[in-house]
Every structure is written in structure tokens, then in C-alpha cells.
Ligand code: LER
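Consider the single chain below, provided in C-alpha cells and representing the form predicted alone.
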Amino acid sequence: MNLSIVANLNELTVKREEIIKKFSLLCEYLKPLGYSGIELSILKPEKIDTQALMEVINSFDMKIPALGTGGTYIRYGYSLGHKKRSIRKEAINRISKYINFAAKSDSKVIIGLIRGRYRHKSSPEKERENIFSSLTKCIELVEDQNVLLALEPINRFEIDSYHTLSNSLGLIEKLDSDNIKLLVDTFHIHLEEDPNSIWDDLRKNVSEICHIHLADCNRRSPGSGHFDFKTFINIFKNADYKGFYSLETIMKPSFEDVAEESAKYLRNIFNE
């Protein structure tokens, strides 16, 4: 089981050498727990010494499976679906920075919250058109650098479009590129998918899924709610899924508690 956890590096406020030191300590802590990757949630990838970071993670025989981009929308308001072309252009420019980092770190670039939300004088239909147009430009960038985009269906309470596996797969099909695949998140699955068909839908589409986020129905660590992780994980295990399972949860009571309890819980399920 390729297990990772989302972490941030505070690159806006910490010096480059301190970032590397923090990252090294993080690897040192997570490796003995059975983690083989660290997913990074970052705002300014260009502020990070990628070569030094990769030297650290390679020394632990670990990987950076994906880069989270949602903070770009939350902090700066840049989104791929915004009604203003200038804002969409800023979002694409930010995505290009993540792509440059991903090309050096062999990571995927997540397309989730950065899709944004439509505002007045716009509409869901126009937003979807803008997202498609923006992603077309992003795909041109990733194709040049052989990077994979991971499109994440997100629940309707956080975002206005592409909530489900089916409509997200429809967008991927329309984009018609080998450089964009699906990311599935158990928290969003719990909120959006039909419980009568979700397991069959996942089995049919494992080959289209490149990355997985794990959180229970309460967005806390797996096992703290009632999501059926056993059935979920067995679908991917039986299909010989080779990608990462990445913990993206509320880190309470602490990052360490979530990391330790989740690793034990998930490996018990995987090894049954």
C-alpha cells in the first residue's frame, strides 16, 4: 500500500534552508510509520529549492505523489472558472508554477478547489465553459513537461461544478488528453455519490483513477466515522491499483495522532 499524507511547508514565511530542515524531519518521522510519500499543499512552489527537497526525500526512498493547489483559490481568489479572463489567466500562471515543480519532483498536480465558484453576472454553465477552456491551456503545459493533472470531484457545498465521478469523467473525456486523470476522495464520495452504485462505478473506472484522498465522513481520520474503507480499499487492491492513498483530513487532535492512527488502521484493512 503506497500511503502518503498531506503536509504544508510554510514556504511563504520560512527560509529555504528551514523548509528543507522541516521536510527532512517530516520524512524521518513518517518513514518508520510506513509512509512512502508526502503530498504537499503549497502556495508558492517557486520559493522551494526543489533539488534539495528531492535529495531529502530520495534519501528516505519516499515520493511526493501530488501537489495540492487549492490554497491558490482560497488565499488569492485565482480560479480556472472565474468570469474574468484576467483572473483565469492568473490561475493558469499559478498552475504553471506547480507544473514546473511537478516535472522536477515526478508529482501530479491536483485540480480541485482551484476551479473556483461562479459569482454574480456568471452562471454554472459559463463557469464550466471557462474551466474547460482553462484546463485546455493547462493540458498544453503538462503535455510539454510530461506531468499528470489529477481532477478531483468536490462536494457541492465547497464548489459549484464537477461534484461526481460521472460528470468529472465526462470532462476528462471531453478534454481528450492522456495527461489528465481522476482523483477520488472518500469524503466527497460519501456526500455526493449514490450508495447503491458507487462501488460498481469505482470498479469500472479504476484505470481512470491516478490518486486517492482518504478521510472519513466527518473529514477526520479513517475509522473515526462510518465510511466503508474496507470495501473501498479492496476495490483498488483487487484491481492492482499502483497509485497512492493520501490522507487529507482535519489534523485533530494532532498531525501525529492522525498519521499514526490512520497508518495502523489502513494497513490492517489492506493486509486482511
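Throughout, we count residues from 1 along the sequence that is shown. Computed from a predicted structure; not experimentally measured.
Just so you know, the form predicted together with this ligand exists too; it's not on screen, but the next bit is about it.
Asks: Indicate whether this ligand has at least one heavy atom within 4.5 Å of a heavy atom of D185 in the predicted complex.
Replies: Result yes; D185 sits at the interface with this ligand in the predicted complex.
Asks: Evaluate G112 for contact with this ligand in the predicted complex, applying a 4.5 angstroms cut-off between non-hydrogen atoms, and reply yes or no.
Replies: Judged by the heavy-atom cut-off of 4.5 Å, G112 is in contact with this ligand in the predicted complex.
Asks: Heavy atom to heavy atom, is A91 within 4.5 Å of this ligand in the predicted complex?
Replies: Although this ligand is absent here, A91 would stay clear of it in the predicted complex, with no heavy atoms inside 4.5 Å.
Asks: Even though the partner isn't displayed, in the predicted complex is E158 close enough to this ligand, meaning a heavy atom within 4.5 Å?
Replies: Although this ligand is absent here, E158 would touch it in the predicted complex, with heavy atoms inside 4.5 Å.
Asks: Specify the contacting stretch among 235-243, 56-64, 212-220, 24-32, defined as having any heavy atom within 4.5 Å of this ligand in the predicted complex.
Replies: Single hit among the candidates: 212-220.
Asks: Among L135, I95, L149, I154, which has at least one heavy atom within 4.5 Å of this ligand in the predicted complex?
Replies: Spelling it out, the residue with a heavy atom inside the cut-off is I154.
Asks: Since the partner is left out here, which residues of 228-263 would have a heavy atom within 4.5 Å of this ligand in the predicted complex?
Replies: Sequence-ordered list has one entry, E248.
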